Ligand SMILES: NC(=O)c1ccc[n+]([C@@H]2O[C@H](COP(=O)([O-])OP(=O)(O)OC[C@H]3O[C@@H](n4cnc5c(N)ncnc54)[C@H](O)[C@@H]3O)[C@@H](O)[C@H]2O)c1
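Heads up, the chain below is alone and in the form predicted on its own; it's given as structure tokens.
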């Protein structure tokens, strides 16, 4: 996936009833009007963004979309905004600004804006079209693709949402220039997830080009984005609504989501929590003899090398495990884990005793593999 790619070519997501392109190209934002013309021509347009993204890139997007008239709806940045109350405010603003069934919503931001924007679009007037223009690495490699929308509850991550596909995704790696280093690293953990579950070439690329990637070199990041997006598009096209195959995309997310909820979405960025979750899943796989020690070491080293990540602190393992019981990945009351078998292949395992999971979390807290990178 990472070799001999024509970056101007779109990646296609094909699901029942929908087919849409993902365009990935440096400088794409300045051409957004041209790419969006087939979707927005003659329709009312609404841009949903957060105040930070709009400060950096709002003028450029507005120029690119001229002369299309559009209304701008801004929300405060941060994971704590990802709640039903914010979606209600978005819907109210759409109504007050005259949004109709034929209107289009542009979600212009990171994963929080994309998830809330997609959810709002899916329920406003029982569904209006929307577009994803992701501005963070995490959104470009993962959350903007595949149509998962939703918000958090106090009980857990993304517990209320819909499957609702965008009409088009525009990813411009240049937007990552204003991304804080911590946000960049958080997105790279989602790329590592993609590598482990299905792309050994991407795994090697991440290992061999770490310096250029962490420096934010555009060409290197574009390779990572394209490879990750291609893998996710392939998985989603085969399993839109997580009936079976798409569940592999949850590698690291069972513990990760629980860790976010247990710390009230204040301590970790999403990708950081997933990093801890991938480490936990790797140890589970090694303990169940499903993963060879040398393969486990390779995975742990790659994850560790893209740190630092905040420690788990004093959050009890029992509290993290409690939040796992209300996760979306629970089936018939049983927690399912995505565990690696080797780089490029994972399997779904159920029935791991909660005591063992808690023990692994406590061990990770004690040893903290990221401490060496801080």
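Positions refer to the first chain, counted from 1. Small disclaimer: the values here were computed from a predicted structure and weren't measured.
The same protein has a further form, the form predicted together with the named molecule, not shown here; the description that follows concerns it.
Student: Sort through 143, 282, 165, 254 and report the residue having a heavy atom within 4.5 Å of the named molecule in the model of the complex.
Tutor: Answer to the contact question: 143.
Student: Have a look at 175, 94, 261, 105 for me and say which one sits with a heavy atom within 4.5 Å of the named molecule in the model of the complex.
Tutor: When the named molecule is considered in the model of the complex, the option within 4.5 Å is 175.
Student: Can any non-hydrogen atom of residue 337 be found within 4.5 angstroms of the named molecule in the model of the complex?
Tutor: Close contact is absent here: in the model of the complex, residue 337 is far from the named molecule, nothing within 4.5 Å, heavy atoms only.
Student: Do residue 57 and the named molecule come within 4.5 Å of each other in the model of the complex, heavy atoms counted?
Tutor: So residue 57 counts as contacting the named molecule.
Student: Going by a heavy atom distance of 4.5 Å, is residue 129 a contact of the named molecule in the model of the complex?
Tutor: No, no contact at 4.5 Å.
Student: Though only this chain appears here, would residue 115 touch the named molecule in the model of the complex if you measure heavy atom gaps against 4.5 Å?
Tutor: Looking in the model of the complex, residue contacts with the named molecule include residue 115, since a heavy atom lies within 4.5 Å.
Student: Taking 82, 157 and 232 as a possible spot, do all three reach the named molecule in the model of the complex with a heavy atom inside 4.5 Å?
Tutor: Every residue of the candidate spot has a heavy atom within 4.5 Å of the named molecule in the model of the complex.
Student: Pick from 31-39, 316-324, 65-73, 49-57: which stretch has non-hydrogen atoms within 4.5 Å of the named molecule in the model of the complex?
Tutor: One stretch meets the cut-off, namely 49-57.
Student: Note that the named molecule is not shown here; using its position in the model of the complex, name the residues of 161-185 with a heavy atom within 4.5 Å of it, in sequence order.
Tutor: 175, 178, 179, 180, 183 sit within 4.5 Å of the partner.
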